[in-house]
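In structure tokens, the next block holds one chain alone, the form predicted on its own.
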């Protein structure tokens, strides 16, 4: 189902949490709300779910004003950072819970519930785990079960609030790939809240970057990264070097867009203060002779060609500069 958000505002204790936010989420899309803590993204998610009420504006789900339905009638699946599985119930019982508690007139038959649970266990790649208790599962497995439980009732919309925030980096990376595959199969309109830019860029069709109660930019991940609309977006999504003031504002360049040379006259003089080869890239921290520091990312082959190490004298210049009228701050 499509979601239309129009001029949402929310204030709490004199503080503006959302400030005239508007957003369109197409049917079957996966949108990430990306931003720092306190930017308003979780509040926006809770308003979509009906768990909070806006002071102004409205949310329409497939053309219908959502305030016309109680939260429990909105067919919204909600998954939190902490899995909230019932510890005394098996994996099968946890997944079936939303179906088991439906009013008798709406409740599927036992056979239909069993078939739906079987289908979801296969979807989350846990077909042999149905009789285990949550305590017998890893954190990543528990979060898969939480997602299956949310999908069991066939929601029109799936809302995910930092679903992988409590997991370690390797498990997060694995679940990002899994979530994307799950969405491609289920086709449920999904909104993911995260402060992790890598997560948003890897999983979502569309990213909405929030800051200080407003949406600063909406677009495909590649556009957000390559063509940031504001200095904040440029600094928050990916690393960015703040270079210098120009007539139009402040110049920025990304680390991989910095060129390094050993020839004087090929840029500003600098010294390699830190060199960290990581995977296919080498990350260098350069101390400029004019003051300040910049970060440069080189391929391992380019690093080998230059034959530089910590303490080496180099010359650096940006291959591409982006200029914004304002500086960025989080």
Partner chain sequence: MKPRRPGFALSAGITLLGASLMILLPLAALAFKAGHAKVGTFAALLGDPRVRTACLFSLGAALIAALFNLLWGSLLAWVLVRYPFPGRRLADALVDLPFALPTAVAGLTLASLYGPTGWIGRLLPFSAVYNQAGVVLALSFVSLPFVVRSLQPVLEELPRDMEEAAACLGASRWATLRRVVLPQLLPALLSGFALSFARAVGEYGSVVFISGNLPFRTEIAPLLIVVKLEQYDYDGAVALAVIMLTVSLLVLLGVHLLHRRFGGASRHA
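The term rigid core refers to the most C-alpha atoms you can superpose between the two forms while keeping them within 1.5 Å. Model, not experiment: these values are computed from the prediction. Positions refer to the first chain, counted from 1.
This next part talks about the form predicted in complex with the partner chain, which is not shown.
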**Prompt:** Does any heavy atom of residue 85 come within 4.5 Å of a heavy atom of the partner chain in the model of the complex?
**Reply:** yes
**Prompt:** Does the partner chain get within 4.5 angstroms of any non-hydrogen atom of residue 46 in the model of the complex?
**Reply:** yes
**Prompt:** Does at least one non-hydrogen atom of residue 131 fall within 4.5 angstroms of the partner chain in the model of the complex?
**Reply:** yes
**Asked** Is there any non-hydrogen atom of residue 153 lying within 4.5 Å of the partner chain in the model of the complex?
**Response** yes
**Item:** Options 170 to 178, 234 to 242, 183 to 191, 92 to 100; stretch whose heavy atom lies within 4.5 Å of the partner chain in the model of the complex
**Value:** 92 to 100
**Request:** Just give me the single entry in 120, 76, 209, 258 that has a non-hydrogen atom within 4.5 angstroms of the partner chain in the model of the complex.
**Result:** 76
**Fill in**
Partner-free chain; cross-checking the partner chain in the model of the complex, the single residue of 273, 51, 262, 289 with a heavy atom within 4.5 Å is 51
**Prompt:** For this chain shown on its own, do 202, 225 and 297 all sit within 4.5 Å of the partner chain in the model of the complex, going by heavy atoms?
**Reply:** no
**Request:** Using the arrangement in the model of the complex, list in sequence order the residues of 232 to 252 with any heavy atom within 4.5 angstroms of the partner chain.
**Result:** none
**Is_shifted residue 241 between the shown form and the other one (CA, 2 Å cut-off, rigid core)** = no
**Asked** residue 89: with the rigid core matched between the shown form and the other one, does its Cα shift 2 Å or more?
**Response** yes
